[in-house]
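In structure tokens, the next block holds one chain alone, the form predicted on its own.
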Amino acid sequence: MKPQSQPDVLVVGGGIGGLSSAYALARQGLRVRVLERAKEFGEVGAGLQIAPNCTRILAEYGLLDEARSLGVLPENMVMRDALDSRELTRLDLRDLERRYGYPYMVIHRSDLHGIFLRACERAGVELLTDRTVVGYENTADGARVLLEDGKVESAPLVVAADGLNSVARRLLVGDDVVSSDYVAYRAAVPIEQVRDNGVAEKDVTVYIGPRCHFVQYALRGGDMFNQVAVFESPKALAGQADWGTPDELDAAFEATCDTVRKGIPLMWRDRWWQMLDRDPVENWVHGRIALLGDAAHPPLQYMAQGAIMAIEDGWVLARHYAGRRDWDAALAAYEAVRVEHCRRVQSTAREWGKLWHLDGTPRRRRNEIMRARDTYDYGFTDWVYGPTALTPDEEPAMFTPIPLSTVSGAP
């Protein structure tokens, strides 16, 4: 066994992407060290949706039962118009599980993070906190990172899982984040606080409206209720630095239906999340430094695939290493398949966001198309909820979009 001073893999970032990839690699017998900048491991946020392409991986890792015990298996995903509350379309999530073999689950972000943290501890991953990485460079036999305190850590592979504002991304790619001018407010509250608001406790419900949307679902065995309010910020559009403030939240949902309006006062008002992503890039691997998760492909949240893509990244990288035991070959195979899949998700998320937030005649046309969809039509989900591709030829074909112009959009 190699000494602790020389891990096989350094993972920078102790979020869901970093810990899940560390666990995936440790399962291959590799000595993995995680460097987390915070003073303790943890996650900020509320609910998280994990589709069958993720629960499939949790099952392979032996972690699905623990996730089931902490999460909720909703019965349906229902999309409604935020103005009049009319149902537009739905997915029967029990039938979805039959189709893909694994469930659709909602879980608290901190609970999923905790599952991977405990798995890493059991697998012998070295978990170090209060380690801020400020530089990356390749070496003759791997790569190394420079820490803020002047120390250097090195390994045959460095995985940069340091998030949307990745230091590695800035140094190796040099692009900027892209603002959608939308902002998200979140809240997870005891279920008793919302029972009189007309909520659907057993479903994931998404209310889509002009320049806003609202998501609701139960968490933690149904004891908690998660809400996400997203809207376009007039202050952001005007170029103001302080945007997405609570006064904008209230104004954005004034015209929505009763269930949505009753949920808005429950939102956390001391923090909010500007909805940012980055343009897709083709080069995630730079020598022995590999971008992973949001450092490689930060999406807007509309596809609910951000954390899932990070978990998939680690699974794919570990599988390719297991089949080759050669980092250069494994990294080439990882990049060859993941770049295109994640580009599709990022691009679709942007378009999905535009579709949700339409107004006027385009909104009516969208509603007409959605209401015409059969509940058991999986043409829009097969490309993403099926088994994670390991090679480009395994990547399924994309769905075929339906142009809004094909319907009248009559009221």
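In this text, residue numbers run from 1 along the sequence as written. Computed from a prediction, not measured in an experiment: that's the story for all the values here.
The following text describes the form predicted together with flavin-adenine dinucleotide, which does not appear among the structures shown.
Student: Counting only heavy atoms and a 4.5 Å cutoff, which of 115-123, 76-84, 178-186, 200-208 contacts flavin-adenine dinucleotide in the model of the complex?
Tutor: Among the candidates, contact is made by 178-186.
Student: Is residue 293 close to flavin-adenine dinucleotide in the model of the complex, meaning a heavy atom pair under 4.5 Å apart or at it?
Tutor: Yes - in the model of the complex, heavy atoms of residue 293 and flavin-adenine dinucleotide come within 4.5 Å of each other.
Student: Is residue 306 part of the interface with flavin-adenine dinucleotide in the model of the complex - any heavy atom within 4.5 Å?
Tutor: It does: once flavin-adenine dinucleotide is placed as it appears in the model of the complex, residue 306 has a heavy atom within 4.5 Å of it.
Student: Contact with flavin-adenine dinucleotide in the model of the complex for residue 169, defined as at least one heavy atom pair within 4.5 Å: yes or no?
Tutor: No, residue 169 sits far enough from flavin-adenine dinucleotide in the model of the complex that none of its heavy atoms falls within 4.5 Å.
Student: Under a 4.5 Å heavy atom criterion, is residue 132 part of the interface with flavin-adenine dinucleotide in the model of the complex?
Tutor: Close contact exists here: in the model of the complex, residue 132 approaches flavin-adenine dinucleotide to within 4.5 Å, heavy atoms only.
Student: I need to confirm a contact call. Of 233, 216, 301, 256, which residue comes within 4.5 Å of flavin-adenine dinucleotide in the model of the complex, counting heavy atoms only?
Tutor: Going through each option in turn, the one that passes is 301.
Student: Check each of 161, 158, 317, 252 and return the one that places a heavy atom within 4.5 angstroms of flavin-adenine dinucleotide in the model of the complex.
Tutor: If I apply the 4.5 Å criterion carefully, the residue I get is 161.
Student: Can you confirm whether 13, 16 and 275, the three residues that make up this candidate site, all sit within 4.5 Å of flavin-adenine dinucleotide in the model of the complex, judged by heavy atoms?
Tutor: Every residue of the candidate spot has a heavy atom within 4.5 Å of flavin-adenine dinucleotide in the model of the complex.
Student: Heavy atoms within 4.5 Å of flavin-adenine dinucleotide in the model of the complex is the criterion; list the residues of 222-246 that meet it.
Tutor: Going through 222-246 in order - heavy atoms within 4.5 Å of flavin-adenine dinucleotide in the model of the complex - there is one hit, 228.
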